[in-house]
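Just the one chain here, laid out as structure tokens, in the form predicted alone.
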């Protein structure tokens, strides 16, 4: 079966790339392990994604926002970082950005559904569901994908969008640095008796890190990160005890807290590929950069990477160039590394500092909050990262 582009992985990044190229006339084939009905109507997984203004712009241009109900999009107007039980915080707001919000929270399953919906009208995009890749290889003239059924597919360009643990990345000989934090993120939704005023809070305690992400109404997305060996106890904690623990950690700032729905647990492993491109092969999404969820920012990089690659491919088409040529892929790889390297490594450094409970580290992180508040360039840079490059 011959295609112009084969995308391995039909998550939001892979589908986003397909949609960004839908009107080029290229024949695009996506290969995905999951069933079509799960992709078309993804179940709630507890995760809420903080989207930048630039991501919202890209999603609007793709038509994705039409599939996301307005009552699922919640603004973040301020962000505050606390250390321990101290009332002092490092704060970020929209002042000087010309924006009404730093970003917007959207449920992950709503984004996944929207990404699926927008590719359906295009006859030049085909999605092979319940299909598993056995082997990937490339030559100077093209790439080949062999499925576990023995079927062979060929294209001038192969794109890997198959998660941060990408097997195709490994097959193509691209190493990746993995940072296993030895921690688990437990995510859930809770209601509260006091308003959150659209303020996101990140609270670093001795054992837990607690993030409060404001949804519409008196409701928030809760993200707890804690040592992996303590996760089971929190997942099984009785409802009243769990509610009380969150209330105490917040100092009753949001009043009475009540869990709604399930708790979901995710091991925390961050990934950064040493290269984003090889011979007629390129990485996007988590296969290229898998972020720590402390900023809820990972999909912005995935969507931004898909948009960057689409721009390079469109440029190649306009110039009559081979879309799988190394100059095309290397240009994308350089741009995506510039956009992701500092954010990825900076996030990991901050996470390690703020989860280090030794006395010296505690003093250092408290100092970092105070210094950060008095460094306008630093606060401006972080605010720009929160809002996106359109800020």
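Because the structure is a prediction, the values reported are computed rather than measured. Numbering follows the first chain given and starts at 1.
Same protein, other form: the form predicted in complex with a small molecule, not shown, and the subject of what follows.
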In the predicted complex, does residue 266 come within 4.5 Å of the small molecule, counting heavy atoms only?
yes
Can you work out whether residue 300 and the small molecule are in contact in the predicted complex, taking contact to mean some heavy atom pair no more than 4.5 Å apart?
yes
Consider residue 283 of the chain shown here, and say whether it contacts the small molecule in the predicted complex, taking contact as heavy atoms within 4.5 Å.
no
So, in the predicted complex, is residue 293 in contact with the small molecule at a 4.5 angstroms heavy atom limit?
yes
Hey, of 236-244, 273-281, 174-182, 155-163, which bit sits against the small molecule in the predicted complex at 4.5 Å between non-hydrogen atoms?
155-163
Run the contact test on 12, 31 and 187 with a 4.5 Å heavy atom cut-off to the small molecule in the predicted complex and return yes or no.
yes
Taking 4.5 Å between heavy atoms as the contact cutoff, choose which of 74, 211, 257, 133 touches the small molecule in the predicted complex.
133
Looking at 144, 198, 249, 167 here, can you tell me which has any non-hydrogen atom within 4.5 angstroms of the small molecule in the predicted complex?
167
